[in-house]
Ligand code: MUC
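Okay, so here's just one chain, in structure tokens, the form predicted on its own.
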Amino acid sequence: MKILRIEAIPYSIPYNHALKFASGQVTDAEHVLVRIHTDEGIVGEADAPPRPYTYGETQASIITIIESIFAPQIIGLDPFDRGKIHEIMARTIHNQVAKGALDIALWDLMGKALGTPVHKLLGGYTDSMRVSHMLGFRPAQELLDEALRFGEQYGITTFKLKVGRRPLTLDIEACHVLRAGLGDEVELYLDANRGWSANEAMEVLRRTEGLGLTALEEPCDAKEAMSRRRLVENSPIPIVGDESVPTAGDVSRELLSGGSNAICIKTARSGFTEATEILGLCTGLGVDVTMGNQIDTQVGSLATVTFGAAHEATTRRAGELSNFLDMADDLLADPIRISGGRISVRNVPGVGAGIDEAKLARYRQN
């Protein structure tokens, strides 16, 4: 079997409302659907979600790097020769989302060729994951109303609160209102998206002590190495690396330097192959991991569930899997369902993200 051609298809689907956080906001999912075609008619698919304010990649740059740099070198290769393909991609630095999408599409293709669900090829630990829902920048009472609605409608009992605002009292109030309104059994953790300084993060932790918060993600820029290390050493809860750790090498640096003591894995930027390397590194060192969300579509969320459900360590915490609920529509032909606070894998060959071609035609941008 040989790779015949590679497509990078731009599309745009609006969100129901602007999603706001410390590093920016998005109003539309301007993503790229990646397809790898083979001479046997098998096609592997994956979603690439650009995040220019975080990783520097745009919809246009992902299309260019795939079509102009990667595809000419990959076409003609056997899709099972992933080592060769990754060697080709590694020659070009950065562009993690483009590389991640190609990797997931390869795994999807291999699963289809073997007639096996990819979650089983990756490990097959379980068949579903608990869901964590992200709460964005809104007044405290609106955040509580949303959390209560999602708990009632979907059975979700874990929430990630986007923080990083100034004055700090905005987020401190939100923490207190959510805990008072949701009770002690609901898990709450924070993500500042580098919005604070380390000292500001310590002040927030001091003023939210006793609320049972379970983690704080990217409180400040990891490049502020000394203050970040001081924060990690003094924090009563894990400090999670996210934007600072897109690759296995970055994970090694942050853990060894003391810049983080827990790691967020996002398949959208690592694919399944490097995510496996990151997970092995973390489990070997006894470091907790979370499965993060890059404001993914249902196609991307299904990829996260596929990887997360495959391993024991990635199922210990709820995965961030529900941001697609903020979208006006999606490309997935068989929509994801959240039942009892969980999302199940697809027990079909590949990842199971079948595309609705009519919707793709409607939302594609070329």
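Predicted, not measured: the structure shown is a model, and the values here were computed from it. Position 1 is the first residue in the sequence shown; the rest follow in order.
Missing here is the form predicted in complex with the ligand; even so, the following discussion is about that form.
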Inset, instruction - Identify which of M134, A222, I172, A147 has a heavy atom within 4.5 Å of the ligand in the predicted complex; exactly one of them does. - result: M134
Inset, instruction - Note which of T38, Q298, S61, T54 lies within 4.5 Å of the ligand in the predicted complex, where distance is taken over heavy atoms; exactly one does. - result: T54
Inset, instruction - Using the partner position in the predicted complex, report whether Y11 sits within 4.5 Å of the ligand, counting heavy atoms only. - result: no
Inset, instruction - With heavy atoms only and a cut-off of 4.5 Å, decide whether E243 touches the ligand in the predicted complex. - result: yes
Inset, instruction - Answer yes if any heavy atom of D103 is within 4.5 Å of a heavy atom of the ligand in the predicted complex; otherwise answer no. - result: no
Inset, instruction - Classify N193 as contacting or not contacting the ligand in the predicted complex by the rule of any non-hydrogen atom within 4.5 angstroms, answering yes or no. - result: yes
Inset, instruction - Tell me, please, which stretch of 290-298, 135-143, 199-207, 253-261 lies within 4.5 angstroms of the ligand in the predicted complex when heavy atoms are compared? - result: 290-298
Inset, instruction - Can you work out whether the ligand is within 4.5 angstroms of a heavy atom in all three of D47, W107 and E274 in the predicted complex? - result: no
